[in-house]
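Let's start with one chain on its own, the form predicted on its own, as structure tokens.
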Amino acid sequence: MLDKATDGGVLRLLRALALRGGLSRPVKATTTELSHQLGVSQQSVSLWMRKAASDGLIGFEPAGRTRTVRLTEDGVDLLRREYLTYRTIFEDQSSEMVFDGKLVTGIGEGSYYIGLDGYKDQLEKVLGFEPRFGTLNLQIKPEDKAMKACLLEFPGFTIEGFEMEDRSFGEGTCYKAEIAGIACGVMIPSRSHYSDVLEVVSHECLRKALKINDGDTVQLKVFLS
């Protein structure tokens, strides 16, 4: 199993490729060139490249007798996530993130899960109100998935999993939030970290309060502390 140092090396490799122009096009970069650029051995570079390729962060394309390396969408998203995290630390100082989400209809799971005492009681304790009317599902833009990943770097409030009637219900993370001045919360189940949908809970029926329908876009402000 690869260790955290290797994962850190993969991130260094992605940055090096991006500095060579790899965000927008395939680039030629031998292990020798990259080892000089990064100040490590060729063996380390080779290990990091194999790891990055197996994780779907880079891809290779033939270019004559050599080959070029390109960052995949997942590779770019990982760098974007790092950028957003550091920008929040050093620049924003705003203690909040803002998402523009398109209202979509879920499959009704939100009403069921939020109605369970195991979740409802914990959410009420965290948010200060009883969550009602299930969840409002907001689909974020593809480029904002990295910002959602960045959000998960912040601790939020852990919602513990539980068992009921021989069935297990998973844990998640809750963040206090607001839509058009209405207090709400964002619940991110551990199983849906890579989803492009944010599940919003409130004490009001947000569809009625905001007079919104599927396809409408609303601005969600998520508080980081």
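In this text, rigid core is short for the largest set of C-alphas that superpose within 1.5 Å between two forms. All residue numbers are counted from 1 along the displayed sequence. Please read these numbers as outputs of a predicted model, since none were measured by experiment.
Although it is not shown, the form predicted together with the DNA is what the next lines describe.
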{"item": "Candidate stretches 26-34, 196-204, 164-172, 179-187, one within 4.5 Å of the DNA in the model of the complex by heavy atom", "value": "26-34"}
{"item": "Residue 191, heavy atom within 4.5 angstroms of the DNA in the model of the complex", "value": "no"}
{"item": "Close approach of residue 70 to the DNA in the model of the complex, 4.5 Å, heavy atom", "value": "no"}
{"item": "Contact label in the model of the complex: residue 158 to the DNA, heavy atom within 4.5 Å", "value": "no"}
{"item": "4.5 Å heavy atom contact, residue 53 to the DNA in the model of the complex", "value": "no"}
{"item": "Sequence-ordered list of residues in 135-164 near the DNA in the model of the complex, where near means a heavy atom within 4.5 Å", "value": "none"}
{"item": "Rigid core fit then residue 39 CA moved by 2 Å or more between this form and the one not shown", "value": "yes"}
{"item": "Threshold 2 Å Cα movement between this form and the one not shown for residue 20, core superposed", "value": "yes"}
{"item": "Core-aligned CA displacement of residue 29 at least 2 Å between this form and the one not shown", "value": "yes"}
